[in-house]
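A single chain comes next, written as structure tokens; it is the form predicted on its own.
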Amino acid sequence: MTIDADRLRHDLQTLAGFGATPEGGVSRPSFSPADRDARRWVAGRCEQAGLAYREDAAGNVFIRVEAQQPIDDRTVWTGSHLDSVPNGGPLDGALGVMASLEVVRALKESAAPLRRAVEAVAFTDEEGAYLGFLGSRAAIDGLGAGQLDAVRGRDGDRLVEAMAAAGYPPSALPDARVDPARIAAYVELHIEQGAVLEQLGRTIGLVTHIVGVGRGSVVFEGRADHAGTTPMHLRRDAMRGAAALLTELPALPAAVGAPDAVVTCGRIDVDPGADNIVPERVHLHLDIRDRDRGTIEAIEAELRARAARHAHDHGLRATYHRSSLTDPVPLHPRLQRYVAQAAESAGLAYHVMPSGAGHDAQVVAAAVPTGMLFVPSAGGRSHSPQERTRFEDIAAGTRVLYDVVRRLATDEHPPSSPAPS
């Protein structure tokens, strides 16, 4: 026996209704009314299936099927997150949770001779409406209530108040931590959120790494002057330096010998910010991603050098400020082999690739053997109402996930340590 594709389709369609937007998207941040409604519905689906449902102090959801022939007390985890970005799509995170629910349900129905319990997990606030990876960090790293006191959400509300209102007292948050030694492995199914698989005609993405992310900013400073009375050749226009640097962003990865790296400027702040004033200060907010930390650091160095040159050319001052650097995370080679073997057994073409987006898997992978697989995103669209994946691909990815999880739950000797760095 394997998964019930019709049941999975129904679950995905139903879940998309919680937080549905007029544009056809989904807005379901953690601790919101839509999130609470979705959890109640999931709990009901588990009750119908005879599966144990529980939530921890961080709001993480666990759906469990017990081992029939227990060999140790470790549990196999599979999952993702229920929350969405504002007006996002119906599959980011949700697919991984519904597929994991279906896997656990199918394992129970098959009466598979499981040697370890399996839990489908839905982590809280992966998307960062308050604190990105809140649930997975609380479960793996441990978080104290005091760490949340200053955290506010996108709308300015306090995280601790939102948690308490949703029934999760922040004082209990340390209870959410799980001893990683009790987790045999974690596997996450996700949409690709890019167009690589679709362009290659592959059904499965075999994820080797989750890329590192460097965030920082370049600030150009000049002088504010009247836009009508200051001749062009006398201006110290901060926007000129910023514009010159922006045009060079596409060339930066190749310049440091890493053409697969990506650099993005998604936000620009201009001061004073008036049509009739020469800009005195321009702040470029940058996102740098690659599977190698050294590449991210090399791009930062290149940004500094080029910003300094453009500042000199336009009579400005330029500075680079790093705000964060999250290390790349390798995924476990043995779980990669399991995904490849399951795809091959099903006759599915797969592509070996990194993940350019962040996932709860990167938090879990620091302490637990972790694997990840993708299914294609139509047109590469994600984080928007246009987010779609062919259901045939969803069903295929869920079958691969089922095979991998079943193998992990029946292996006498599953992976015993995280992937080497």
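Bear in mind that the values here come from a model prediction, so they are computed numbers and not experimental data. Don't overthink the numbering: it's just position in the shown sequence, from 1.
The same protein also exists as the form predicted in complex with a further copy of the same chain; that form is not shown, yet it is the one meant from here on.
Q: Of the listed stretches (260-268, 330-338, 72-80, 150-158), which one has a non-hydrogen atom within 4.5 Å of a further copy of the same chain in the predicted bound form?
A: One stretch meets the cut-off, namely 260-268.
Q: Please state whether all three residues M232, V278 and R381 have a non-hydrogen atom within 4.5 angstroms of a further copy of the same chain in the predicted bound form.
A: Yes, because M232, V278 and R381 each have a heavy atom that approaches a further copy of the same chain to within 4.5 Å in the predicted bound form.
Q: So, in the predicted bound form, is P253 in contact with a further copy of the same chain at a 4.5 angstroms heavy atom limit?
A: P253: yes, in contact with a further copy of the same chain in the predicted bound form.
Q: Evaluate P385 for contact with a further copy of the same chain in the predicted bound form, applying a 4.5 angstroms cut-off between non-hydrogen atoms, and reply yes or no.
A: Judged by the heavy-atom cut-off of 4.5 Å, P385 is well away from a further copy of the same chain in the predicted bound form.
Q: Considering only heavy atoms, tell me if D287 and a further copy of the same chain come within 4.5 Å of each other in the predicted bound form.
A: Yes.
Q: Decide whether S171 counts as a contact residue for a further copy of the same chain in the predicted bound form under a heavy atom distance cut-off of 4.5 Å.
A: No, S171 is distant from the partner.
Q: Could you work out which of R309, R223, R177, R317 is the residue within 4.5 angstroms of a further copy of the same chain in the predicted bound form, going by heavy atoms?
A: Exactly one residue meets the criterion: R223.
Q: Could you work out which of G142, G128, P86, G194 is the residue within 4.5 angstroms of a further copy of the same chain in the predicted bound form, going by heavy atoms?
A: So the residue touching a further copy of the same chain in the predicted bound form, by this definition, is G194.
Q: Which residues from 238-252 come close to a further copy of the same chain in the predicted bound form, meaning a heavy atom within 4.5 Å?
A: Contacts from 238-252: M239, R240, A243, A244, L246, T247, L249, P250.
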